[in-house]
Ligand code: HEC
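For reference, the chain that follows is the form predicted on its own, supplied as structure tokens.
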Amino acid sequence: MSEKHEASGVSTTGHVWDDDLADLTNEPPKWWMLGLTASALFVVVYWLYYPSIPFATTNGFFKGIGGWTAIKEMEADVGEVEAVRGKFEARLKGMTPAAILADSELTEYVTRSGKVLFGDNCAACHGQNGIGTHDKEGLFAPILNDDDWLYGGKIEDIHASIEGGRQGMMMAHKDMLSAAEIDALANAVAKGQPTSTPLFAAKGCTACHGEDGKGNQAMGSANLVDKIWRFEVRNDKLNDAENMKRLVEGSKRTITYGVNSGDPQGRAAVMPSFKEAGKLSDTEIKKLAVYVYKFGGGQSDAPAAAAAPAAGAAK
């Protein structure tokens, strides 16, 4: 039952607990009521303007009087982006990767685009920042953010690696060398001194790796004297002697079973052709080449030492 509140003189809802505490019936402020009314009107207009009610109509569903759709908004946004990109994309079609590098404005654009392409197509194997990836056997995909390359680090070399792919090959020597000979060669290679044993020349290793053991980038054969390894990585939890033992064992496996030799115990090191697979356009391959060159210590004119006992990728 409603009654007057003694202290305020305002009617109550009947909920009175003491002289100071009661549930009053006074109306809300006018500004609050106006805000509530405006909000209600906004909701009605919003629901009518946008396709917010999924009920069936003769056209399939209520599309809203404004004709807005998420697809239209996305297409408008994409159109704005393409308008900005268009002037750069048109120039890229007829340019070589080297010519792109000579243009600072294009290089900046291509590097930013290449980062996205790298993340979508390359990072799964080479790591998000080109740091390489590892599996239980060692290095799965080569490191790209240094200056050591199997097939060369010039922009043309990197472009050729991405476009055509790489698949180096080293035959298995298990039927050509004795266990003692494999052990001697593996120890010399692990120390970065392959020519220290006469076996290196006598068994024909120089044909691919050169008389000085520094490899041949045209073939993708590894530099065996720079102590940079394709399939092995240093384990900081082990001491030098233990790491050397790992390198010797890894070298023995490579010599014994080869790389891409068809032997199930051999090393597998294959990078697919992104052009033949149809994964990337010519322009996208150029963008990737420039990106890898820029963040990976690419070479200019001086030939670089190759990296390891087999070719795995652009490196």
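Just count from 1 along the sequence shown to find any residue number. If you're wondering where the values come from, they're calculated on a predicted model, not measured in any experiment.
Just so it is clear, the following notes concern the form predicted in complex with heme C, a form of the same protein that is not shown.
Heme C in the model of the complex comes within 4.5 Å of a heavy atom belonging to residue 125. Shown alone here, residue 205 lies within 4.5 Å of heme C in the model of the complex, counting heavy atoms only. Residue 274 belongs to the set of residues with a heavy atom inside 4.5 Å of heme C in the model of the complex. Heme C is not shown here, but in the model of the complex it comes within 4.5 Å of a heavy atom of residue 118. You can rule out all but one of 94-102, 227-235, 67-75, 80-88: in the model of the complex, only 227-235 has residues with a heavy atom within 4.5 Å of heme C. Contacts between stretch 273-294 and heme C, counted in the model of the complex as any heavy atom lying within 4.5 Å, involve 274, 280, 288, 292, listed in sequence order.
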